[in-house]
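Heads up, the chain below is alone and in the form predicted alone; it's given as structure tokens.
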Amino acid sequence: MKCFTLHSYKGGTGKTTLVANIAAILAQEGKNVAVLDLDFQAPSLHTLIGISTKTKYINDFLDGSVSHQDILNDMPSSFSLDGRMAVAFSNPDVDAIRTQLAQDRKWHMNALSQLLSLKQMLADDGFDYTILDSAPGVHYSSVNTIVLSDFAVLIAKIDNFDFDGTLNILKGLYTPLDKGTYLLFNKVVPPMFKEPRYSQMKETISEMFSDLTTVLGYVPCYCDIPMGMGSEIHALTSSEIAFVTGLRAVVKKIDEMPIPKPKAKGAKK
């Protein structure tokens, strides 16, 4: 089983939308995919997919009140997926969020141990992928998702704010953790795909990031996405739009890539 996280320096990159659509594409291709919303500070996957009043949350699993199977919510059969797509949500209740924000380092260390056990349970259940929706930035919970993952996909937009922030966490967080990373640019406006802008964009990005990570791709902006009011997975409803076709190329790379191996101690970069 491959386990990877989608992470970003800051919010607003479209990370959660990408998580849901990547999972859906993999499930359409016959893969069994578990999705975990580990953004305890601002959970949003439930808005995109929808939850019932009987939903049990990852929070409940971490406090030991439910089993891992209790928190998995399968996508409706009406989507006719060839594989299984099951989602576990973080509790969006304000009191639950406050509780998570107040947790200390010891709690998060225990949570990591439980999440590692959950990862193994999902592998034993026959899942081919576990995809983690991480909190942005550098917090205990986001560091846990990175440690839990085989590799991380960093999501960024084409602007200097994201460039600088992404560079900072690559050097300050991912390099010390010795974790394999890939860089995916989202919400790329159509004029950026035209020459000479496209070559200039890739050259700038190569100069900044080529020594630290590998660029996975560029996902075009689809301005109609907000019209779905955050409750539509376009890979399931609008499969021919450029956003989805561009993302399918990215998913193909993810499916074909080997799991990065940690560098041997003392090895040169």
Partner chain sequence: MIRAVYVLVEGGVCIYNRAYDPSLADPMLMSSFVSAVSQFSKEAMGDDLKGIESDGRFVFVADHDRILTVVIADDPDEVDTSLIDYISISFLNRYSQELLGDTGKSGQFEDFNEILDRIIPPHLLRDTRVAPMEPLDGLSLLELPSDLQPLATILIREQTLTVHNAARELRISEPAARAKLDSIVSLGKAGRKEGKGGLVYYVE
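Quick caveat, the model's predicted, so the values are computed rather than measured. Numbering follows the first chain given and starts at 1.
Not pictured, yet referred to below: the form predicted in complex with the partner chain.
Checked against the partner chain in the predicted complex, the candidates G126, P191, P176, P196 yield a single residue with a heavy atom inside 4.5 Å, and that residue is P176. Distance criterion of 4.5 Å from any heavy atom to the partner chain in the predicted complex singles out L112 from the list L112, L72, L183, L81. Residue contact with the partner chain in the predicted complex: T166 places no heavy atom within 4.5 Å of it.
In the predicted complex, the partner chain stays beyond 4.5 Å of every heavy atom belonging to Q103. The shortest heavy atom separation between S90 and the partner chain in the predicted complex exceeds 4.5 Å. The closest non-hydrogen atom of S117 lies within 4.5 Å of the partner chain in the predicted complex. Only one of 72 to 80, 168 to 176, 91 to 99, 151 to 159 places residue heavy atoms within 4.5 angstroms of the partner chain in the predicted complex, namely 168 to 176. Residues of 128 to 147 that come within 4.5 Å of the partner chain in the predicted complex, judged by any heavy atom, are Y140, V143, N144, V147 in sequence order.
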